[in-house]
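Structure 1 and structure 2, given next as structure tokens, are two forms of the same protein chain, each shown alone.
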Structure 1
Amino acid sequence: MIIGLTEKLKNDFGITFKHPALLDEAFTHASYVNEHPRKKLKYYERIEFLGDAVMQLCVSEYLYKRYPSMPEGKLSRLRAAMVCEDSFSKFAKECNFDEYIRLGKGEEKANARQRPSLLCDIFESFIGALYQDQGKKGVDQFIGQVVFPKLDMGWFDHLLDHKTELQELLQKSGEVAISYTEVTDEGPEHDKQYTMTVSANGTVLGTGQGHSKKAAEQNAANAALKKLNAK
């Protein structure tokens, strides 16, 4: 058993593993197994193979449902930005998973514990263990806490331009005049809340709020996209 890991998962994420041996496998690097041949340990690579595919599906399904009018190309670019070494290593670090990896001495000296590729592997292998222990539902709950909030925190905003998406959608069927109008600004100067509407050929399609005009416009475009798609 890896000391402290089960408590950590329980306290931080409300997760209790039915089969903690899966966690041992998920957090054990091949270099540790090689140094302890008598313990007959398993290392994480097989379980990581599974976890990688689990993440691919869970993220795809979430994006597919959350952005019902987003074209496939944009969905794919967004998925690629979320399901990648850079993102996964950050998620692993945020969960303090680096502290629980069982590493061989050589790898420890080489500072592998902080290597993004290893952190990414551990995030995937943890997901593979969680999937086996608690099914897709358990994984969806965990990444609902750790991964998906990043969309609202702006991590992927460079890929989420709702104004461009709305424009592309509206102009599919010919030329359309799109305009954004400020309705109100409320609150004190340092905490102003703007409300904007977006119109096509004079008809209001959506309203959005935000702490800047730009953010309020993006939210108005997003509201319009949701409405148009629900038709």
Structure 2
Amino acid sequence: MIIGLTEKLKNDFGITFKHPALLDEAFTHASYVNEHPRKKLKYYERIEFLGDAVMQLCVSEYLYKRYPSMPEGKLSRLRAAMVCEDSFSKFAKECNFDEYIRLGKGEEKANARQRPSLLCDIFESFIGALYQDQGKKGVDQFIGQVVFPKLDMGWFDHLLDHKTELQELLQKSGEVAISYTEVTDEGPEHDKQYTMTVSANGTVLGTGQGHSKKAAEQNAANAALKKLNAK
């Protein structure tokens, strides 16, 4: 078993594997297997294949439910940004998964541990292992801690424009006066937390928070969209 990994998963994410051998497979590179032929080890590529499909499903389902009025094209672009090498490698690094990869000596010398493509693969293989061990519910709980909060942190804001989406929805039947109002700004200058409301013809439809006024406005618009689409 990879020393320290099971303890980290338990402490950081509340995850306890029933079948720890899945973790060994998920974090083992082919170069390590080739250097230890007598151990009859498995490496991550097959389990990575499964993890990739599971992530596609879980992220698709989450976005479909979170953005009920978002058209298919935007959903696809947002999913593509979340389920890609750049994002997965960052998630893996944030979880310190790079510290637990079992590499052959040559790959270690080549600093493969920091290679974005490998970090991406390892993140997907971990998801595959988690899915096999604890099912989709276990995966949803983990990525609910690691992946989905990035939407609220603004990682993918360049793909989202809730304000325009809200405006288009409200003005389908004619002109509507839409306004955003600052309610509070709290915290130190370097870490302000703003609260904004969005109103239509004087009626407050949603409230949002963010570390900038623009982010708070977008979150307020998103809250309004959820409210309107729930009717």
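Predicted model, so just to flag it, every value in this text is computed and none were measured. Numbering for residues begins at 1 and runs along the sequence of structure 1. By rigid core we mean the largest C-alpha set that fits within 1.5 Å across both forms.
- Form predicted together with a further copy of the same chain, is that 1 or 2? Structure 1 is the one predicted together with a further copy of the same chain.
- Task: Using C-alpha superpositions, work out the turn of the smaller rigid part against the larger one between the two structures, rounded to whole degrees.
- Result: The answer is a rotation of 23 degrees for the smaller part.
- Message: Can you give me the Cα shift for Asn201 between the two structures? Core-superposed, in angstrom, one decimal please.
- Response: Rounded to one decimal, the shift is 8.2 Å.
- Item | Lys214 CA shift between the two structures in angstrom, with the core used for superposition | With the cores aligned, its C-alpha sits 3.6 Å away.
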